[in-house]
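In structure tokens, one chain follows: the form predicted alone.
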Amino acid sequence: MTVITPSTGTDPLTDLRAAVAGVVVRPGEPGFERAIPWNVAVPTDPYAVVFVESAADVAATLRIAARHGLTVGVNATGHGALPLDQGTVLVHTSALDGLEIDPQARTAKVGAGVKWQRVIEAAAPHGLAGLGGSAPDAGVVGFLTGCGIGPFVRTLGLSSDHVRSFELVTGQGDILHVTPASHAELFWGLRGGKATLGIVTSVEIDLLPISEFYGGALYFDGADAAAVFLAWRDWSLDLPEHANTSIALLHLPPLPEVPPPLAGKLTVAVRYASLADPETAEALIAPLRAVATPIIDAIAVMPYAAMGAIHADPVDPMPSFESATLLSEFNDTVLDTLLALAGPGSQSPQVVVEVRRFGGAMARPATHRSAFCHRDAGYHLFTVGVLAPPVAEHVAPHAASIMGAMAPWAIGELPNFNPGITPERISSCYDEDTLAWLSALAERHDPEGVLRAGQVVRITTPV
């Protein structure tokens, strides 16, 4: 742990409880269980958890932590959680749950504790949509500070490209209103820098005039994996921008919430989402419907509020292990290698092995530059395994074997899909210039290093 400044002689817990309106708990005390992350495999043992109720609470927590030589981490929904130890105070933003929809301006002001599904449902009666991710149960702010790769990214670009402003508390405890015109350097870095530059307490975003889409998922038997993967790869090469897609090998457990045709065996899911008219969108997906006989065809016109059905990500907490990389291409060697490691007969312990197609609007520069560094990536590979018997000990080594085999085509990682805190993992999300600028901004706005906890870029990150 980095010693920041000498302690005042009082204990941090007393100071925190005297200074903030929110609840402050230590591990083992009632209420601490609210801070257990969605991924219950992540060790969470901070010095204390502060359930902040305002930006002022956040500012007070940061100042007190600095005074006592502690660092500060942040979480809201528990998605993307990282290990914390007794040298860190956890700011938990779940109580920052304000949400204001302005239908005329087509904007939403969203507190740091709000999840995407709530925004989506609040905007839907006005025929508007917020650009959430594939898991609407995740938090808005964490998703946007990692840039935001949603199911419509090829059509509408990064979700963070649609941010108007942030309310930010810096490591020094300053509360700032950050826009492209005010604190422009922070506006640049907050869209991609995660918690490097401070703790975001609210965000204002654009809402888009979208009420429905054509999409969902086709599910095929695992025996058809090779044919479906090859057809999907060739079909997606010249995909029009109105269409978005990914393909996944699934080995879902036999649980009550899993549809019986998918439970306990290998299947293949082709995810699809289009904002074209239904006839155009249906004609485009028709060739994949014909590759093999789907065991479930769940593609249709859907209300935007049902966008979570595209990926059908789980909601309940679980112990999981994730790994990911961006790929420059998805050629025959990549395809064959992936099927050999995770397809039929591989005995893969992964629950999900997904390849997502990028390009389209995502590849073009946004109106306002951001710290996102991989607009030219063609594909994204993502694996998820559940750390439960009898496969728990095999999940991480197997994921490593997949990522190792993909190394010749790997070109970096995305902040929101990168659960690592090592300098090497963090560096993989950025180019050299972006690393240098984020580090310099962090030193300027957090000179005492209070925010040196979790997924942050600092001067120690190798360039």
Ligand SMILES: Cc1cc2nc3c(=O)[nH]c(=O)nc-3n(C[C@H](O)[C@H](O)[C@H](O)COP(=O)(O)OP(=O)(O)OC[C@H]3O[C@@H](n4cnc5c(N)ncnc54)[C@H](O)[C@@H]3O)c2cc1C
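In this text, all values refer to a predicted model and were calculated from it rather than measured experimentally. Start at 1 with the first residue shown and count on from there.
The form predicted together with this ligand is left out here; the points below concern that form.
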property	result
4.5 Å heavy atom contact, Phe417 and this ligand in the predicted bound form	yes
This ligand contact at Ile101 in the predicted bound form, heavy atom, 4.5 Å	no
In the predicted bound form, Thr93 touching this ligand (heavy atom, 4.5 Å)	yes
Close approach of Asp313 to this ligand in the predicted bound form, 4.5 Å, heavy atom	yes
Three-residue site Tyr219, Val228 and Arg271 fully in contact with this ligand in the predicted bound form at 4.5 Å by heavy atom	no
Ile149, Ile120, Leu156, Ala281 - the one with a heavy atom within 4.5 Å of this ligand in the predicted bound form	Ile149
His242, His251, His79, Arg233 - the one with a heavy atom within 4.5 Å of this ligand in the predicted bound form	His79
Options 193-201, 325-333, 233-241, 282-290; stretch whose heavy atom lies within 4.5 Å of this ligand in the predicted bound form	193-201
Within 4.5 Å of this ligand in the predicted bound form: residues from 137-153 (heavy atom criterion)	Ala138, Gly139, Val141, Gly142, Phe143, Thr145, Gly148, Ile149
